[in-house]
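For reference, the chain that follows is the form predicted on its own, supplied as structure tokens.
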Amino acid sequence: MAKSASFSCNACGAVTSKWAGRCDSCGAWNTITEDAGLSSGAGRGSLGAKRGRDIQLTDLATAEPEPPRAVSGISELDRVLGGGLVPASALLVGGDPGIGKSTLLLQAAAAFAKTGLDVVYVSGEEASAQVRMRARRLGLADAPVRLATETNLRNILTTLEREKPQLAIIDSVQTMWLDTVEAAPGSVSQVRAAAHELTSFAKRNGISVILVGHVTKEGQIAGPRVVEHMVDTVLYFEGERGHQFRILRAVKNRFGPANEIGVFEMGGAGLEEVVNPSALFLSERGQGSPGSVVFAGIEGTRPVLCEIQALVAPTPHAQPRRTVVGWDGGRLAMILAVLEARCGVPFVGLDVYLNVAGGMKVNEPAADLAVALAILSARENSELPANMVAFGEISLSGALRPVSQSDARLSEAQKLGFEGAILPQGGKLDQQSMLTLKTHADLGDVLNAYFDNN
């Protein structure tokens, strides 16, 4: 039987069974190439002619020890990793250009090396002199990190197999190329093949591998989505270039909690840990103003307080603007629709701007109530109490729904000197809070309580 071929687009990753000059998915020309197999599969004869080996089966009650972890000493990094680096694991770190990925990983390499790990740093983007210059600027020139500059993956794997380090950092996977794949470096086929080979190498040899990945303009790691499924941990390094704050977020972690964050501050000597992120995000907040509300959120296992800022102004355009930074634009549209349909608050002819201060990105629905309060405060030019936090989810009916981990949110607010909280009715609190709690059933109740002129 003839072997079936598979073709994929180097631009968008679409898979097809035959070659074509133009990709039907993205419309690009001359980007479809045949996928070369990474390894030879099992024979196509009968199972009796070529049998596989027996695998051992166990039950769910089988006890296995926790995997050993290497601790870097950078507490924010160790927190995001779930307590430290696991041997034979593959990690993918993505982030915008110039956000500080190479700085973070060079500092991490030096920290792990100083604890006794054998670390190899392979750069495919910069020359050795550039990496050494950064190390001197960061005060890491004496760190026992071995350095190489190479893009040929075959040469890299041969060297790592000979040297057998405990940690290898590849910067970046988009610059790696495999000579068995007929595609340009950075293409979908090359990135997929390089990630597969590096992940398999890490598992076979017991070496931890950290891959650096570029991101697209949409904020996703460039290349096929299957790369994120291959690796054990996916980290995103986030932040606004106008702010000094940087957030390392785990969106996938097979060895620890997902959505955990580590907060850093970019300075002249590199990245510094932020022990209390809530105090940092609220450090530039004044005594309160219309459109400003403090949201008590949860990132992974850590409670984090941040400021939600809103501005509502008459629009000179035929179509009002809805601009969002740090939150989901679709969820903002939903909140505005609920305010109009359920509460009778019109936003026709009004621009709405929403911002999460400090470069923070909020993903949980618990921010709904804080966003609604900020928008209403800005629209009515009415200042809310500055010593209160807010959290709660809003349904399409306008009802307020309780959210999880209310105790942790209230405890963090109390620790930072807040005196009260606005939250939904019916939430379960395991501990007696010292804060003044103002609970509400729906958005109409909130309007009557804080905005009497509606």
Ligand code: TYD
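Here the structure is a predicted model, which means the values were calculated and not measured. One rule holds for the numbers: they count along the sequence shown, beginning at 1.
Quick note: we don't show the form predicted together with the named molecule, though the next part is all about it.
- This chain is drawn without the named molecule; in the predicted bound form, the residue among L138, V325, L147, A88 with a heavy atom within 4.5 Å of it is L138.
- Only one of A127, A269, V348, A337 lies close to the named molecule in the predicted bound form, with a heavy atom inside 4.5 Å, and it is A269.
- Contact check for R379: no non-hydrogen atom falls within 4.5 Å of the named molecule in the predicted bound form.
- Contact annotation: I99 falls within 4.5 Å of the named molecule in the predicted bound form, judged by heavy atom distances.
- The shortest heavy atom separation between R249 and the named molecule in the predicted bound form exceeds 4.5 Å.
- Not displayed here, the named molecule is approached by R134 to within 4.5 Å at the level of heavy atoms in the predicted bound form.
- Contact with the named molecule in the predicted bound form, judged as any non-hydrogen atom within 4.5 angstroms, is confined among 365 to 373, 327 to 335, 250 to 258, 91 to 99 to 91 to 99.
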